[in-house]
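This document opens with one chain alone, in structure tokens, the form predicted alone.
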């Protein structure tokens, strides 16, 4: 490994060092505030190092297992910034909880490190190691409020789903390796061209099993088993992490792998992904209509949104890769804002996830209600929000590649989703609870984080050109 290889790994190494530093700090001094400060400084340095990487060392393969190119920089940047925001949101939330709080930030750092490795993987070994680092950390994060019965239940269910996902992934990787003799994505793509038809069928079977494993991780229908239960039972900041970073890392890997093996040469895989995307859009939005829990509504909404981004995955070309990156960035901002409101209003014993927690919120705390409304309208794809820009680019990418079935499903299912988002908004406008006790006070940190997310939401919705330009420039390496 050369010096430049080490330079390319600096962002990941900073996360690992910060996690180690947090663990050592706990051995000498247990202080929640200090731990959060160290975590944020370490993540901030990692983000700065990542931003400087394209100017110093770019498109570099570090050993056969990691590709630190502009595509990896883009997705690692999205994942690291999201993790930074979640760490900041978590401080006040866990300050209300009993017991020790510092271990959560070590787990958060290790999970983010695993997500970064997955996003930069170009080899099955690094992919699986990064995925397990992410998953094992998330088991403990989901169960962190262990005195709540629903948290333990959610962690157990997440463990079962992750175990099933790992089994399908490993079996699929084994079949691909058995027929290609390689675990490196680019080598598999080259060897595929010379394979006899019989071997190609085994390779397709392996890819199909991997699709099932990745489907579990992305919570796409019909692999969404227990996803709403995990969202409901996990602590609010962890729910935000599962909905964003965990899924973003897997989608980045999915785009890289199937772009390099040229998925569009296999009509059967295209049909399979189209079916999964369409069913996810409709089931996610239709099942959300039946829910009376805010976190479960956002869980089914995330299933629908992951179905939306599959439109870009099914399309091809630069505009599709750009649309996927912009949509995910917009979705992350929106989901963090929505989950940030839940985090801010949550108490010591339970999260603020029932409709009654938000009844009359416009009259109790207009600022929080305005932010939550903006986030919900963005999820619905209303103009002047980041969500509208993301969906518009998805439609453009789909139209360019003529994936009309997926486009029609996106448009129809989005209109269905508008109903349950407006249902929450109407609950916040309910005047019958106007004279009741005021909303819980929100800390300065939470106000700052939510305000920044609100500004980012409007900025991307009104001035999307900078984000689109950055995404368009950085995704070029995968093509």
Partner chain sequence: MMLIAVVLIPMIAGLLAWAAGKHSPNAPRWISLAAMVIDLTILLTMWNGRVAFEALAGGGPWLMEVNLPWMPGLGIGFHLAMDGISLLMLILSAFLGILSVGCSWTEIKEKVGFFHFNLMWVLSGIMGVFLAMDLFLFYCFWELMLVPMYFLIVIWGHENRIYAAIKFFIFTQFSGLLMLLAILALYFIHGHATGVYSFDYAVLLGTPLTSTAAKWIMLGFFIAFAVKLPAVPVHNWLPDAHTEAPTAGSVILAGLLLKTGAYGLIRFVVPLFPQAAMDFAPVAMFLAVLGIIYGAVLSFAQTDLKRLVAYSSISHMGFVLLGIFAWNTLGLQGAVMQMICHGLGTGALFMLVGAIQERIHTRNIEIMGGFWTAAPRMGAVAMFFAMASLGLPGLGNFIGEFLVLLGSYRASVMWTAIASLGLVLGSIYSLWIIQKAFFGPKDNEAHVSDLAKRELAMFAALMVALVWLGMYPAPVLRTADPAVTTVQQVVEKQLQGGTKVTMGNFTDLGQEEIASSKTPRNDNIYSFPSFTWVRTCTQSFTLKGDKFSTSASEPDPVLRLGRSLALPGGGDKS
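Fair warning: this is a prediction, and the values are worked out from it, not measured in the lab. Residue numbers count along the first chain shown, from 1.
Heads up, the form predicted in complex with the partner chain isn't pictured, but that's what we're talking about next.
Checked against the partner chain in the predicted bound form, the residues 287, 169, 314, 377 give one hit for a heavy atom within 4.5 Å, which is 377. Distance criterion of 4.5 Å from any heavy atom to the partner chain in the predicted bound form singles out 393 from the list 162, 277, 393, 236. Remark: all three candidate residues (373, 382 and 429) come within 4.5 Å of the partner chain in the predicted bound form, counting heavy atoms only. With the partner chain omitted here, the record of contacts in the predicted bound form names 397-405 of 170-178, 246-254, 397-405, 79-87, defined by a heavy atom within 4.5 Å. Contact check for residue 422: a heavy atom falls within 4.5 Å of the partner chain in the predicted bound form. For the chain shown alone, residue 24 is not a contact residue for the partner chain in the predicted bound form, no non-hydrogen atom being within 4.5 angstroms. Contact between residue 411 and the partner chain in the predicted bound form is found at the 4.5 Å heavy atom cutoff.
The partner chain in the predicted bound form is not approached by residue 93, whose heavy atoms all lie more than 4.5 angstroms from it. The partner is not shown here, but in the predicted bound form the stretch 451-465 reaches within 4.5 angstroms of the partner chain through a heavy atom at 462, 463, 464, 465.
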